[in-house]
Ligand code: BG6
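Encoded as structure tokens, the following chain is the form predicted alone, with no partner shown.
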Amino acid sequence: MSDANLQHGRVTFLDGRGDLSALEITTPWSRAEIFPHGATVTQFQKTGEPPVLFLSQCSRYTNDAPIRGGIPIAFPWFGKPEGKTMQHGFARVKDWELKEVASPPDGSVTVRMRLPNYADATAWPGCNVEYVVTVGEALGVELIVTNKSASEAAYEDCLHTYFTVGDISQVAVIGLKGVEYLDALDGRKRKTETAESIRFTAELDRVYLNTAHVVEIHDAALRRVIRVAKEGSRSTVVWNPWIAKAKAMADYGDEEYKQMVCVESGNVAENQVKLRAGESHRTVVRISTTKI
């Protein structure tokens, strides 16, 4: 275990859990944890408040599996398209390289990581993929993909964020009324959201399309609002596994669906990113909280 000497925040290099190492970040406002495995942010908590991110107590910490919770990175595809053997791409099960740790004058801490070129990434030759995490009063994450090749590159990305809630039955996701979505539980049929707020009484799995705007999670039990603001993201995924799927997942507790909801930001399905030679794209998410 060792510490990085920074002017404001502090980064501690930990042995982590299971087979995996981790970085613990502390700032004047908050604490966070990042695993190089998958570049997964597993914790973000403001001082005196409940955790913002949900992390399953049953998560496996092994080199061949994603971490269940936090912010796994789905890249370069979302879901499991035909011909693919791995759910949500390979980025969330690879070890990312730590490139830089810094503390800007505002007192936050910034960590920059890079996805190495793996053999199974040959379908995307010449792409440079970086991930920047900024921890402060809010949590910022930024996925940066640059096409270094001479031909077009196309991909999907999704910052698959698990949020902690007090009681899923008292949660409302607000900001998606009037938006078209693909319903994964109904053959990916295209539908339009008619409700002012999305509430949870059963399994829900939807990809909302063409959503560049802010989405909020109103949590009556914890008396707070989680605000998800983003740039470069045109899709929002909302998911809760509910009872049957929770029991079917080996790395997820049977009752944990009651304390989490996924509101994910990215570019999936028809919102996939296409980069010409030399182009870059940034998917940026800023997560903040307010008390109610």
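All figures in this text were calculated on a predicted structure; none of them were measured in a lab. One-based numbering along the sequence shown.
Below, we refer to the form predicted together with 6-O-phosphono-beta-D-glucopyranose, which is not included among the displayed structures.
- Here the chain stands alone, but in the model of the complex its contact with 6-O-phosphono-beta-D-glucopyranose, taken as any heavy atom within 4.5 Å, falls in 239 to 247 among 239 to 247, 221 to 229, 53 to 61, 38 to 46.
- Remark: all three candidate residues (R68, F78 and H88) come within 4.5 Å of 6-O-phosphono-beta-D-glucopyranose in the model of the complex, counting heavy atoms only.
- In the model of the complex, 6-O-phosphono-beta-D-glucopyranose sits within 4.5 Å of a heavy atom of H160.
- Contact annotation: R92 falls within 4.5 Å of 6-O-phosphono-beta-D-glucopyranose in the model of the complex, judged by heavy atom distances.
- Taking non-hydrogen atoms only, D205 approaches 6-O-phosphono-beta-D-glucopyranose to within 4.5 angstroms in the model of the complex.
- Taking 6-O-phosphono-beta-D-glucopyranose as it sits in the model of the complex, the stretch 264 to 287 comes within 4.5 angstroms of it through a non-hydrogen atom at just one residue, E264.
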